[in-house]
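Let's start with one chain on its own, the form predicted alone, as structure tokens.
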Amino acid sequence: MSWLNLVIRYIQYHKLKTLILVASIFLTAFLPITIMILLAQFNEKIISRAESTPLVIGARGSGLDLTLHALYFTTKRPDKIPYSMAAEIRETGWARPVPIYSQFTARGFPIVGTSLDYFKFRNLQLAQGQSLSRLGDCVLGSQIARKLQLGPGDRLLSDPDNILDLGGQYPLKMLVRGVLEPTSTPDDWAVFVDLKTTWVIEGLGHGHQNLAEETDDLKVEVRSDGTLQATAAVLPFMEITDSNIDSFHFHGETADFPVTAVIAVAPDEKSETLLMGHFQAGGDETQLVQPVGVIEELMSLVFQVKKFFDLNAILIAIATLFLLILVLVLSQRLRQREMQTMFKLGCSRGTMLLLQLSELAILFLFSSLMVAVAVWAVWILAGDVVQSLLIGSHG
């Protein structure tokens, strides 16, 4: 095997040439395979999420925006519809409504106002603590709890809509009641609250402080007639506790309060068809979409674009092949004196050809091993990478 030792010594001596050839082969094979794996994972996850969501009702506009909002909570917020839409769906008897109101964030993560039916619909199980039980409670997705190091009993503050608007609504300090089991879905990155809690954040509901029980002189002053008057230090309650929860109330009709989408869970295809006909015959203010149809249309466009990437990958592979041939031809010319010396020492032309082919084989083998390891890593991480892409930058 002295010829193999010669090949290895030659490869070690020409490090730069070896590095360039290995990198060219590696990138030519790795990039198309990676794109294929990520796209397959993307297609599987987004279609799976859409298939588990039968129908979505929302304000008329972009069906794609509405679908992505109902499924992932992070897309452009659609226009609002009244909560009465959920009651209308329930009254038809064709589907069970699951309202969603996602307009606010906490530490950058979406706050999703919904009902307990959502947990049943998505089959979400608690890993710690308990479910929503009162106004101001929240349940965290597993990834948020891990990233923020929060658990039952901790507090989480909602983000102000506009930090420069001092006259606007103040953040709500929510009590973490529980943490959900991991699901590898966008639900892992959401803060779930009751619809009424989001309406409090919206400013549709608030509490009042009992000044007679207030001992802070900065918050209370006594008027000349002996009555108490609040100072500018007294703000509407934005933390709901046992002592003040009874003071919270809402102004207006609940039916008119906003939601951003309503998921309609129909028991069978016939009910879905009837519900679709009902809304298509309704007014122009709302629309009903089938998420799986919207997502399949989106993915068909994505795969059309992928054809250009495939063509590009083929062209790159051809260019790399030409590069290898050019390097080999130039190398052959530079090695003419070396080959002549080996021939004079008694090395046959067949052996010299074997040496060159062995060099190529080792380069391809080493590049293939690198590709295999890198592809294995991509395969392991692909789910998390795709999930982070689907939900935005929270991951």
Partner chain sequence: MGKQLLVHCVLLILFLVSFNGCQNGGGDQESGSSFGRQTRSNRVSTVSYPLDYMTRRIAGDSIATELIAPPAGAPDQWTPDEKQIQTLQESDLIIANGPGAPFARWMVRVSLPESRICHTTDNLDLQDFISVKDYRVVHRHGPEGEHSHPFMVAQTWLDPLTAKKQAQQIAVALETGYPEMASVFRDNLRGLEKDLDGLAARMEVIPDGQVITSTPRLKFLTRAAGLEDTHLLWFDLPQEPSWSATEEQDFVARAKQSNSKNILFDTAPPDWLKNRLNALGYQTYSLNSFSHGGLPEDANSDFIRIMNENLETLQNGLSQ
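Fair warning: this is a prediction, and the values are worked out from it, not measured in the lab. Positions refer to the first chain, counted from 1.
Heads up, the form predicted in complex with the partner chain isn't pictured, but that's what we're talking about next.
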At 4.5 angstroms, heavy atoms only, are E91, K120 and I245 all close to the partner chain in the predicted complex?
yes
Of G252, G293, G153, G108, which one comes within 4.5 Å of the partner chain in the predicted complex, counting heavy atoms only?
G252
Contact residue in the predicted complex, chosen from A313, L148, L132, L274 - any heavy atom within 4.5 Å of the partner chain:
L132
Which is the contacting stretch out of 316-324, 297-305, 263-271, 197-205, given heavy atoms within 4.5 Å of the partner chain in the predicted complex?
197-205
Please determine whether A127 contacts the partner chain in the predicted complex, using a 4.5 Å cut-off between heavy atoms.
yes
Partner contact for T74 in the predicted complex: the partner chain, 4.5 angstroms, heavy atom
no
Partner proximity in the predicted complex: R96 to the partner chain, non-hydrogen atom cutoff 4.5 Å:
yes
My question is simply whether Y83 lines the interface with the partner chain in the predicted complex - judged by any non-hydrogen atom within 4.5 Å.
yes
